[in-house]
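Next up is one chain by itself, shown in structure tokens, the form predicted alone.
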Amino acid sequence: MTTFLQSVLNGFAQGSIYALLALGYVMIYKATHVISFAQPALMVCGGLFGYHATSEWGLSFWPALIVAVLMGAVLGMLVERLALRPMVGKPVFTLAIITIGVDIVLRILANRYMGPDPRSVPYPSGSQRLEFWGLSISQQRLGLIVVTAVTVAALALFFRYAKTGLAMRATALNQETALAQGIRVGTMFALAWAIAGGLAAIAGTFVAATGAGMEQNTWIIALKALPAIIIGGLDSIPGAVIGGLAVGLVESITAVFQPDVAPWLGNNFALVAPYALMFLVLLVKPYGLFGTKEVERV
């Protein structure tokens, strides 16, 4: 039982990364109806922003995290303004392809800065671990879970009570109606990308604070958030959180128990498990667990 609970705890920590990235995907999709494939690059750049703030500016982890979030938000706004704003009105498929190009360009630039060696962001308590009820978790992972919970709560309050948050919700529901009500839709697009960039920076900074640090192939982590948004629903913010945590839990539990319970599935099946879960969910709920079913009149 202890082994199972430990895997669940580790899954929640890893799922927090996926949840933050999935929230970024959903933010952009709700505002622009475009799936942004630039999130891996935004995560890598956010981690490097945190690394630069600690190594070059001498900041500790938490101030560096704030700097990384601000710089990630600015980068997200620049991507929207320079790469996507000129393409407004083009087919959604075209915009999605552009985000792939943006991802490639940003990752090339990040890799040139990074070089062959991992880049790590030092966490205040280092490798210290918290022990309770026979379970163990690093303070870095505990901090990740807490920050994710606070971020999700802040976003929920922002969209429920803030005037700008309500304007973003209105834009997501109907852009033409929002424009007719005087809402600056273009500004809402930029804000969605800024929030996505900030969320990716949080995820990237915490990834860089782990033992392995930020490496040139770390961007693959962000691809795990794609099953998360499909599971939760492309346009559902609660679904993004639940989907991200579900992916982390399935990946962690599978990695621990699959070699003994189902060795015939082969090695490293945990890497495939999130996609298997996505397939099973889509068989039952084609629009995801919390996604909005589209109805088209013919």
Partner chain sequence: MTMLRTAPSTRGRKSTGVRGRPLLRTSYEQDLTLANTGAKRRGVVALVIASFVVPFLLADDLLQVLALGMISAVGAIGLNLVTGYAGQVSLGHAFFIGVGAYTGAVLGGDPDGAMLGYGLPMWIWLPAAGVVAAVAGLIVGPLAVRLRGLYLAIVTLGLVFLGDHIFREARDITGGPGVGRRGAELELFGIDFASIEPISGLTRGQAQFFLALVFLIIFAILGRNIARSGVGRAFGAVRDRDVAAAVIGVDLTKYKVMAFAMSSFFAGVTGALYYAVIGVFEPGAFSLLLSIQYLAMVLIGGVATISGSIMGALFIALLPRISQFIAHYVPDGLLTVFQLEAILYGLLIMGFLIFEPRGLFGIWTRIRNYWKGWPFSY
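Residue numbers count along the first chain shown, from 1. Since the model is a prediction, treat every value here as computed from it, not as a measurement.
One more form of this protein exists, namely the form predicted in complex with the partner chain; it is left out here, but the text below deals with it.
Here the chain stands alone, but in the predicted bound form its contact with the partner chain, taken as any heavy atom within 4.5 Å, falls in 93 to 101 among 117 to 125, 93 to 101, 150 to 158, 68 to 76. Using a 4.5 angstroms limit between non-hydrogen atoms, L226 touches the partner chain in the predicted bound form. Taking the partner from the other structure, the partner chain in the predicted bound form has no heavy atom within 4.5 Å of any heavy atom of F257. Although the partner is absent here, Y275 is a contact residue: one of its heavy atoms lies within 4.5 angstroms of the partner chain in the predicted bound form. By the criterion of a heavy atom within 4.5 Å, N268 is counted among the residues contacting the partner chain in the predicted bound form.
Checking I183, I137, L166, A83 for any heavy atom within 4.5 Å of the partner chain in the predicted bound form turns up a single hit: A83. Just one of M87, L130, V146, A162 comes within 4.5 Å of the partner chain in the predicted bound form, counting any heavy atom, and that one is M87. No member of the trio V8, A53 and G248 reaches the partner chain in the predicted bound form with any non-hydrogen atom inside 4.5 Å. For the stretch 226 to 240, the set of residues having any non-hydrogen atom within 4.5 angstroms of the partner chain in the predicted bound form comprises L226, I229, I230, G233, L234, in sequence order.
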